[in-house]
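Form predicted on its own, single chain, as structure tokens, below.
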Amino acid sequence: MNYAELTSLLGYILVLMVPYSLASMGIMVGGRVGVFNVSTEGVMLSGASAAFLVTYFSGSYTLGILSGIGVGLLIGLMMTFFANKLKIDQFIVGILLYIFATGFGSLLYKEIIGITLYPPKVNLLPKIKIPLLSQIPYLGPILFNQDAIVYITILIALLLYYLLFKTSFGLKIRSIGENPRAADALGINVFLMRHIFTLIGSALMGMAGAYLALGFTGIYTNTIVSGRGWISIAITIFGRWNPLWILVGALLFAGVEVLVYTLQAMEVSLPYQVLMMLPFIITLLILIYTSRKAEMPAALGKPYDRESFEE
């Protein structure tokens, strides 16, 4: 493998890191206030469908990304209404919204585009070469010649880390996920924070799906997400609900996925199905390894009722 091929593969890992990172941070944001949104896979599919369609007809990447975020917000509204307002079991709501969002994304595309022999395409997001930095030997072409969403994803992770772990407001957010009753007693509006951060988390999931269509494939298919939403839950647990560790986990899984594609291109003597199982096998191994010392918010998945005597 020559230098150009190696640079291309490593740059590809950064591209694949984005949907994993955004989806995992979406799960993390909601989880930090006690809301475990497991509808990630469906939200990503709906976000990909909406983003592709808007970009295909408008020619605007910005509108496409915003439409993916908008779909995420719409599903987030349903999540927060049923889980936070009506206090229905979060896992049940999440699974139902996953089914709804999966069907919605597929239906939206089918009704507008229809069934075609060859799926329509859009150009991938343009690369932004940062002057001087992109000329650094080895690292420059990999780190500083990416599309805007790659840079934005890293910035989001840094901002979320600073917000959650370096500010008093972040301490309040984390206290809601650990002990909402104590946070409420201190004057923190638990209900408002849960509503807001559930919406933010779902918006990030929609953005992750939008990037799959616009930054990775350039087309939409019903299998575009391919389990990445479920893997993102494992990445969140692996990352201990910390944005920076989530970036590390996303890079790890992106590397595994690139390895799978590389092995396919090399025509190794393993069945295609075995190679496609590799990311999920690694997910199981990581969950087994981290399950004993996994750190999760104490109130994760538990509805908060001010009038109840127990949490």
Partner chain sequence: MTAVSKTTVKDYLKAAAYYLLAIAAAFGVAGLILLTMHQDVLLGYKTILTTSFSSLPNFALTIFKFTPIYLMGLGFSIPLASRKFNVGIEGQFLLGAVGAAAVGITLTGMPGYIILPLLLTVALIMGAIWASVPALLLYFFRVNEIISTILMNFISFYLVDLIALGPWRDVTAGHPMTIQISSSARLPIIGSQINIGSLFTIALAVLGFFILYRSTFGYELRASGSNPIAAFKFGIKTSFLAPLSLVLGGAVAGLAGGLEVSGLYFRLVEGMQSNYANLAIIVSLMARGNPVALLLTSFFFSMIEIGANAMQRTMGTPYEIALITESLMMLFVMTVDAIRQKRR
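Given the structure is predicted, the values throughout are model-derived calculations rather than measurements. Residue numbers count along the first chain shown, from 1.
Heads up, the form predicted together with its partner chain isn't pictured, but that's what we're talking about next.
Between 135 to 143, 122 to 130, 148 to 156, 104 to 112, the stretch whose residues reach within 4.5 angstroms of its partner chain in the model of the complex through a non-hydrogen atom is 104 to 112.
For the candidate set 77, 95, 219, 200, a heavy atom within 4.5 Å of its partner chain in the model of the complex is found for exactly one residue, namely 95. Contact between residue 196 and its partner chain in the model of the complex is not found at the 4.5 Å heavy atom cutoff. Although the partner is absent from this view, residue 9 stays clear of its partner chain in the model of the complex, with no non-hydrogen atom inside 4.5 angstroms. Taking the partner from elsewhere, residue 73 is found to have every heavy atom lying beyond 4.5 Å of its partner chain in the model of the complex. Not displayed here, its partner chain is kept clear of residue 59 by more than 4.5 Å at the level of heavy atoms in the model of the complex. In the model of the complex, no residue of 141 to 163 lies within 4.5 Å of its partner chain by any heavy atom.
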